[in-house]
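Coming up is one lone chain in structure tokens, specifically the form predicted on its own.
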């Protein structure tokens, strides 16, 4: 890997940093207090992101996106994450799974999402399945040229603001190594569809203002023309996107950790105790050194995974390692930041306690740390299996 970023990538980083500082960070305190991003603010951020050329930065040229390489995408994610999810999510990244759109779906769903005229949400997780996606209970039964959906989803990010949901439902079963497995299909379901109810989910400690929702399907009729990809091939269109998404979560974790380190360095240099800066004390300086070392390692591991994506050689374990390590480094970094700040680290007058709260979700969503370890170890042991 070439560890030297190109001039274009350095310019990209500077551009995103300037956008975050000017357009996002000034709103962070208020959004956290109110647990809300107003529709007006969300629209304003989207429009400014479009003007800045940042909107839908994850999408390829053939969809109308900028076609950035994955390393550049990871660098953008790293810088955007230095502000809360509730705000930087409005610099939208449409679900790349929409590249499976075909025919009329391209004009109705894909292109409007890339242009910023529609918002999608990804509806996979269910109350009874969690990490075990094969335990999915939402069913889609064939009825003539339509499917009838029944079931529920939860923890669906910003579904209350989305124009449609990418919904995964069981359309059959098949045998695999003596076990019955679910045959899953992806559907494009408009938010105003009859039989679909969208309800705000429970309040979350992490990422105030970034809400999750519950979706309930009660004989919700969906045309077969709304199948994304092929019937029964839902995992085919989802798995690549899910794996790549873990690398981008890792990049987000690196950015959050770097923000915590920067704040800790400033505090350590300026906070005086016993006649000197607390950073001069070994108990603090060693914490800073460990934080910086781990963050550098997480950053390099994430960029390594992004490069493998560019080369087309990324494995599930590569993505799992990046997500696992970066999310756990973040957890340690924000915890040390609280310790360095002492009592002030838990006060809402400064953003450290917010960083601490927000970091906790990263070891759970997009695949828990335990799931990542399972993926990694399974791949390591695969050559030894008969």
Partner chain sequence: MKILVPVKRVIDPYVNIRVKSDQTGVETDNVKMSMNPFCEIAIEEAIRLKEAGKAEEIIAISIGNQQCQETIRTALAMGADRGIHVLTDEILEPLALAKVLAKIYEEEKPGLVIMGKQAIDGDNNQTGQMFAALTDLAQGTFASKIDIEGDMAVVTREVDGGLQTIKINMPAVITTDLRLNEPRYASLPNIMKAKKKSIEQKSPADYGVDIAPRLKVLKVMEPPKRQAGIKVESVSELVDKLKNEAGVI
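All figures in this text were calculated on a predicted structure; none of them were measured in a lab. Numbering follows the first chain given and starts at 1.
Form predicted together with its partner chain: not shown, discussed below.
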Exercise for the section: Flag residue 23 as yes or no: does it have a non-hydrogen atom within 4.5 angstroms of any non-hydrogen atom of its partner chain in the predicted complex? Expected result: yes
Practice task
State yes or no: in the predicted complex, is some non-hydrogen atom of residue 376 no more than 4.5 angstroms from a non-hydrogen atom of its partner chain?
Solution key: no
Exercise for the section: Please check if residue 54 has a heavy atom lying within 4.5 Å of any heavy atom of its partner chain in the predicted complex. Expected result: yes
Exercise for the section: Answer yes if any heavy atom of residue 66 is within 4.5 Å of a heavy atom of its partner chain in the predicted complex; otherwise answer no. Expected result: yes
Exercise for the section: Within 4.5 Å of its partner chain in the predicted complex, counting heavy atoms only, one of 315-323, 328-336, 345-353, 44-52 shows up; tell me which. Expected result: 44-52
Exercise for the section: Output the sequence-ordered list of residues from 6-43 with at least one heavy atom within 4.5 Å of its partner chain in the predicted complex. Expected result: 7, 8, 11, 12, 14, 15, 17, 18, 19, 21, 22, 23
